[in-house]
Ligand SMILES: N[C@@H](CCC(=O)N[C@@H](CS)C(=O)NCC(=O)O)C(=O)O
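Only one chain is shown below, in structure tokens, and it's the form predicted alone.
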């Protein structure tokens, strides 16, 4: 027999209160229930260090599941910065709600300790990505938008992802993507009420439709990237969200109105980006599902990690073909 209606109503009321408390710890919201991303501890973009080209003089700290770290990882990869910036992957510690080092780094066992020794405020969240200077013994910047700009200025063998001629267009897309897509999926998943979710979800799919139109025009002109014939920071910030869409954000955050295959130009763009040298090696679908479904208790109390589609299958098929008569585009 089903439980009594009064018991169900009481349980729902109690769970709603507990859920709101847990969500408050997961991410802040405004008075209307809209998720608001916390400010970064080291948000200002520093000047390019004098010793930027020094071998292994700096360390880029990333996590496999974090999309904000993924954009820094991609910039580091595409710009060919491995000789001067080491890549360090931290591991999640879900029980403690923090990132930890597999082996101690700079005398620290957790990322929070490194933040404190770098001078962050006691209550500031210790997040990835972060760029650490070995000579200065501290974190230089951890705000991902500023960090990828700095990495683009870094001496490297790769292409300029933020060229002056296309910068105005790149910045328009970066600004729109940041609010409606990159943060947009989180605004859907972390919304406190239906109205906040509806607003974020509508904005997300409106922007995906605009991206589809933009890329259709580009493909018709023989250009496969968001801002023209060459890959740019606009493409870099879009990819981490879209590569996680079917595996995480659609099932867990409710971003499921239309699957990506219904945006053929956008699906083709994703496949071309995935085919760029080094990009596939930065993608870890098992870690994404484990860390999102296993760690975000308020959104998924069971902790059951569902099976997901094979990543290769998501970037294959008609939507994943290169431009007609051309090989997959490269950043060079």
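Quick caveat, the model's predicted, so the values are computed rather than measured. Numbering follows the first chain given and starts at 1.
We do not show the form predicted in complex with this ligand, though everything after this point is about it.
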Interface check vs this ligand in the predicted bound form: of 120, 180, 77, 127, the one with a heavy atom inside 4.5 Å is 127
Contact with this ligand in the predicted bound form, heavy atom within 4.5 Å, among 143, 113, 201, 212 goes to 143
In the predicted bound form, segment of 269 to 277, 33 to 41, 48 to 56, 296 to 304 with a heavy atom within 4.5 Å of this ligand:
33 to 41
May I ask you to state whether residue 285 is within 4.5 Å of this ligand in the predicted bound form, using heavy atom distances?
no
Given that this ligand is not shown alongside this chain, does residue 264 nevertheless sit within 4.5 Å of it in the predicted bound form, heavy atom to heavy atom?
no
If we define contact as a non-hydrogen atom of the residue within 4.5 angstroms of the partner, is residue 253 a contact of this ligand in the predicted bound form?
no
Can you work out whether residue 186 and this ligand are in contact in the predicted bound form, taking contact to mean some heavy atom pair no more than 4.5 Å apart?
yes
Members of 50 to 77 lying within 4.5 angstroms of this ligand, judged by heavy atom, in the predicted bound form:
66, 67, 68
